[in-house]
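Given next, in structure tokens, is a single chain: the form predicted alone.
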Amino acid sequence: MPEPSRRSLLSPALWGGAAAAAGLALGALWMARRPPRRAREGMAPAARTAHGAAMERHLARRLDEAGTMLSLSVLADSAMEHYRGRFHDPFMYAAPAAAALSLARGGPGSGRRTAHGAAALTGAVGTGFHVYNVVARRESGLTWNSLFYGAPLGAPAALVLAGMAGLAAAQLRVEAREGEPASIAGAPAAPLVALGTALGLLGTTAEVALLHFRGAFQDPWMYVPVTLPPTAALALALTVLRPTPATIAAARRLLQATTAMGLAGAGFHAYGIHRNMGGWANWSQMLLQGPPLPAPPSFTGVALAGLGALDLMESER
């Protein structure tokens, strides 16, 4: 009797969680909406320059949103996973600290760039630590078991993406003030961000595919984050090669769907925690043992950067 009673009490919570996930997904789609189109035909040179600066600032905002979402995801996920590992290595404090520092977007511009650079460097070093943990420290070496249950190889790369997004946003704001064409490290900004987004989506998908394969794809929805993001990445790459209205529109729809999927995925992971033994009644353990709740929004963060690149690409056409 206690078990049916507990489940009946949790049913409204599950429906509420599903409604919240749907609301988050709709909010993500609203956040991912395209900016108002401005007619450029017949613009005076000064007006065109102002419009280009406005689009640069728009892309910078998108990159800031992407970096914020990625930093929040890394902060929560690394704090939980490293807490589960009891922070046995002092370097395990670095990832949540760097992610928190990357979220501090106020203050002088040089301070922001330093924080973002530190986050990217921490993510790169963390990737090396995770590879060493899986390949060298385990007696079995590189096996499916070590890949499934060792330190996740691709997780620190999200911090690299967050730091790079913040650095790129800072650079674009400087160029917008100086009236320079949108570029990052001497390369045109829109194609560079689009290709970076495509690589980020593919890397994130590889990490998710490994973990969902470990879970035997027991829920058909588990196939969505290993099929939709790669399709969006391919559409973005095609758009860089052929930036036509059709390719831009197709890539935009796929990225908007990826944006919504990332936040809705957190709702699915919350339901997955409920399905484990004890469910949310045993939240202190199930948050650590169940599917990672903060992980799916990393897709949202990466997709937002790609949407900003598409907006700038369309404007430059």
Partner chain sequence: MSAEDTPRAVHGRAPDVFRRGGWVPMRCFDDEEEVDFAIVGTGAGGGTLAARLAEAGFSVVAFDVGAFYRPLEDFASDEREQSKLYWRDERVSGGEHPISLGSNNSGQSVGGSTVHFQMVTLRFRPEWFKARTKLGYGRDWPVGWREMWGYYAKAEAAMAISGPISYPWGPPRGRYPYRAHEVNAAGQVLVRGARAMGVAWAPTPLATISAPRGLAHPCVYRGFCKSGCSTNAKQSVLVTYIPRALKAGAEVRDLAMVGQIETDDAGRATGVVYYRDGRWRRQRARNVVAAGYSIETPRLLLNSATARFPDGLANSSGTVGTHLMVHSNHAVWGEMDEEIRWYKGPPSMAVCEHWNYEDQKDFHGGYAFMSQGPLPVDYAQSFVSNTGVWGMELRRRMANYNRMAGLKIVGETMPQEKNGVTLAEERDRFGLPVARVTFGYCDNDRRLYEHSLRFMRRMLKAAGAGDLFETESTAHLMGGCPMGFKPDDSVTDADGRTWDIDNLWICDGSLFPTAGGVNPSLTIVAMAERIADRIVALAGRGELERRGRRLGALAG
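Since the structure is predicted, the reported quantities are computational estimates derived from the model, not experimental observations. Numbering follows the first chain given and starts at 1.
A second form of this protein, the form predicted together with the partner chain, is not displayed here; the remarks below concern that form.
**Student:** Quick one: which of 65-73, 246-254, 276-284, 260-268 gets within 4.5 Å of the partner chain in the predicted complex, going by heavy atoms?
**Tutor:** Checking each option against the 4.5 Å cut-off leaves 276-284.
**Student:** With the partner chain left out of view, choose which of F129, F148, W221, Y93 has a non-hydrogen atom within 4.5 angstroms of it in the predicted complex.
**Tutor:** That would be F148.
**Student:** Only one of T231, S183, T143, T114 has a non-hydrogen atom within 4.5 angstroms of the partner chain in the predicted complex; which is it?
**Tutor:** Checking each option against the partner chain in the predicted complex, the one that comes within 4.5 Å is T143.
**Student:** So in the predicted complex, does G215 come within 4.5 Å of the partner chain, heavy atom to heavy atom?
**Tutor:** G215: contacts the partner chain in the predicted complex.
**Student:** Does the partner chain get within 4.5 angstroms of any non-hydrogen atom of E178 in the predicted complex?
**Tutor:** No, no contact at 4.5 Å.
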